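Below are two forms of the same protein chain, given as C-alpha cells: structure 1, then structure 2.
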Structure 1
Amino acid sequence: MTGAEPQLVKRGAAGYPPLLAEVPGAPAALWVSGRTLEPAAYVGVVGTRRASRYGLEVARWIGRELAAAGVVVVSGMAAGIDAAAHRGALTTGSTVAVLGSGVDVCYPRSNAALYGQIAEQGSVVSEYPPGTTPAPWRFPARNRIIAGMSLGVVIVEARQDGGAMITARLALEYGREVFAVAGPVHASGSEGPHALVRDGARLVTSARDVLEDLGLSFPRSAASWTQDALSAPTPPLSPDERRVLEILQAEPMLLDRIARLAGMPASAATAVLSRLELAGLASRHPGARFARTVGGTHH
C-alpha cells in the first residue's frame, strides 16, 4: 500500500499530537502511516458524505487555502466534504486522514486514489491496528481524534444528525474552536452548520476567517470567494475565451444561454468552455451547466 510500514506511536511520545494527549479518552496509541505527525497547526474540516456541489467547492477551497497557510488539514477521508477538503489541502500543502478502519484499509474504496496520495504526501492515522475492517460504530469514535488533535474544526455541510455534528460537539467539549460555513436555507446540508451558528459557533466564509480567529498568519489567503475569483491569475485568453468567461457566473448556467449571450454557435461555445475548463477557469456542473470557478480550485 504505502512503502513504509505503519508506525505505532504511544501517547506522550514524539509524533503523538500533543493536543490529542490532553483529551479525556484519547487513544493510548495511534497507528500512523505516511509521514510522521510533526508539531503543526492542525485544523479539522469535516462535513456530510452527501455533499452538494457548493459544499464540495467550499470544502476544497478552504482546504486548499488552509494548507497554503501552513495549516495541516485533518479530516475523515469519507466521501463528500471530507474527501474534498483533503483534495484541496493536497494541492498546496499537507493533510491528515483519520480512519475508522486500519490505516492499511481504504474505505470507501472510491477514495482509493486519494488514499494513496494522502499516504504519500500526508499522514493516515487510526487507533485501530492494521487490517481492521470499517464498522459503523468506529466512525463516531474516530471523530474524537479529529476533534482532539485540531485547534478548531470547520463544519462545511452537515445534516443535523450527521457524523460531522458529533465532531463539532466533541470539539466544543474539548474547548476547541468550532467554525461553521453557512449554506442555502433550503438545503438539508445547511441544517447542521446553521444550528451550530445559532449555538454560538463562529460563522466563517473563508479560510482567512478561520486563520484569523485561530491567531494564525494568513499571508496570501483571500478574504472571500468573490475576491479570490477576481484575483485569480488568468492565463492569456483568446477574445472568444474572454467573452465566454465574462458571461460565466458562479451560478451554473446552460450552454444554450451561454452561446446566445456570447453570440456564437453552441458548438463553438462548447469548445471554448472546454478550454476554460482546462485552464481551471470554468467547471461543468450537474445538469449540463457551466460556471466560473474560483481560480484553479478545480483539478
Structure 2
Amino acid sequence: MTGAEPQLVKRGAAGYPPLLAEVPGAPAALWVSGRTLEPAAYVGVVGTRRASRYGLEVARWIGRELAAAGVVVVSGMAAGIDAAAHRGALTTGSTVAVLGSGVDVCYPRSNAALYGQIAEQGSVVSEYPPGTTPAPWRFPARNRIIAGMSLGVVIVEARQDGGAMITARLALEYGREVFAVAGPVHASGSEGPHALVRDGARLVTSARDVLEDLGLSFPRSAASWTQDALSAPTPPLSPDERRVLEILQAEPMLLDRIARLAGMPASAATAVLSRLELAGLASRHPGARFARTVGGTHH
C-alpha cells in the first residue's frame, strides 16, 4: 500500500468524520490508510458497476469538477461509476475510497493501480480490520459510511435493485441531499436515477448544480475544462461542423449514420469529426463511432 501502517480512528476522535458520527449504527472506529480524514466537504458519487460510456464520462467529469472546487469525493472503488469518479477527482484534488474489505485488500483486483493512487493522494477507509477479505454482505454495509460521511450523494447510473440505490436510500434516511444524473430513457442504468427524481431527488447536469445546492462555492480558478473551454476563444464552426455537432449524441453513433443524417459522404464526415475532436467537442470510440463530448457545446 503506502508503507505507512493503517491507523485506527475511534468515533469522536480527531480524524473521524463528524457527520458520520451522528448516524445511527455508525462504526465505533474506522481504519484509515493514506491521508488522515481532515475536516472537509465530502460528497459521494456512486453508481453501477456495469456502466455505459456516457455514465463513465459523466462520473469522471463530475468527480473532477467537485474535487477542483475543494470537495473530497467519496465512493466505493467498485468497477464502473465509482472508479471513474475516483479517477476524475484525482486529476484535480482528493478522494476517499470506502472499502468492503480491509484497507490493505484491493477489490476488485482490476483496480490495483487506482487503489495505489488513492492511497498516495487520498484516503482508503474501512470499518473492517486489515486482512479482512471482501464478502457480499460487506458492500451494502459500507454504503452507510459513504452516505453518512457525505453532505450529499450523486447517483450517476444505477439499476433499481443496485447497491447505489441502497446508498441513496440511506442518504435520505440520514437527511442528506440526493442528486441524480439523467440518462438515456432506454438505458437500464437510467432506471435508478430517474426513479429518484420521481421521488424528489434533485436532477443535476453538472457539479456546479451540486455545489450550489449544498451552499459550496465554485471558484473560477478551480473551474473544470468545460468552463475553460467555453470561456476560451474558439474559431467559429463551419456550417458542416455545426450540422454534424447538432447530430451527435452523448451515446456513440456509427460514422455511417452520422454521415447519412448530415447528408455528406463518409469521408467528408470523418474530416469534420476530426476537427470537432481537436476542438474538444467530439470524442472517438471503437467501431468507427463518435459522440458529443460531455459539456461539449460551442458558443
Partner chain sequence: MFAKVSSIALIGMEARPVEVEVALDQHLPDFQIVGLPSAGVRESRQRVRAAVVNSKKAWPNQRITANLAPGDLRKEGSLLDLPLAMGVLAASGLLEPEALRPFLFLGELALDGTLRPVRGAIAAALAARELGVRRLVLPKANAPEAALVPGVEVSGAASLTEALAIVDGTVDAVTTPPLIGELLARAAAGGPDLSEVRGQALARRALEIAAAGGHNLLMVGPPGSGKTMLARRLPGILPPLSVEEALEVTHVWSVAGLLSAGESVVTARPFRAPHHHASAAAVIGGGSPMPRPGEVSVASHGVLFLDEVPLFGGAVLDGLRQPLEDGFVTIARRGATVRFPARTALVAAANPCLCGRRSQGGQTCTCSAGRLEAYRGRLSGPLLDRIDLQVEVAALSEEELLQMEPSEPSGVVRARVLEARRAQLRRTESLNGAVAGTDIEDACCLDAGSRAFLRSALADQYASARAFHRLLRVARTIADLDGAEVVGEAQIAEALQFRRMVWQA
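Quick caveat, the model's predicted, so the values are computed rather than measured. Only the largest set of C-alpha atoms that superpose within 1.5 Å between the two forms is called the rigid core. For numbering, take structure 1's sequence and count from 1.
- Of the two forms shown, the form predicted together with its partner chain is structure 1.
- Residue displacement note: Ala51 has its CA displaced by under 2 Å between structure 1 and structure 2 (rigid core superposed).
- The two forms, fitted on the rigid core, differ between structure 1 and structure 2 by less than 2 Å at the CA of Pro18.
- Relative to the superposed core, Gln249 moves its CA by 7.4 Å between structure 1 and structure 2.
- For Gly287, the displacement of the CA atom between structure 1 and structure 2, after superposition on the rigid core, amounts to 2.7 Å.
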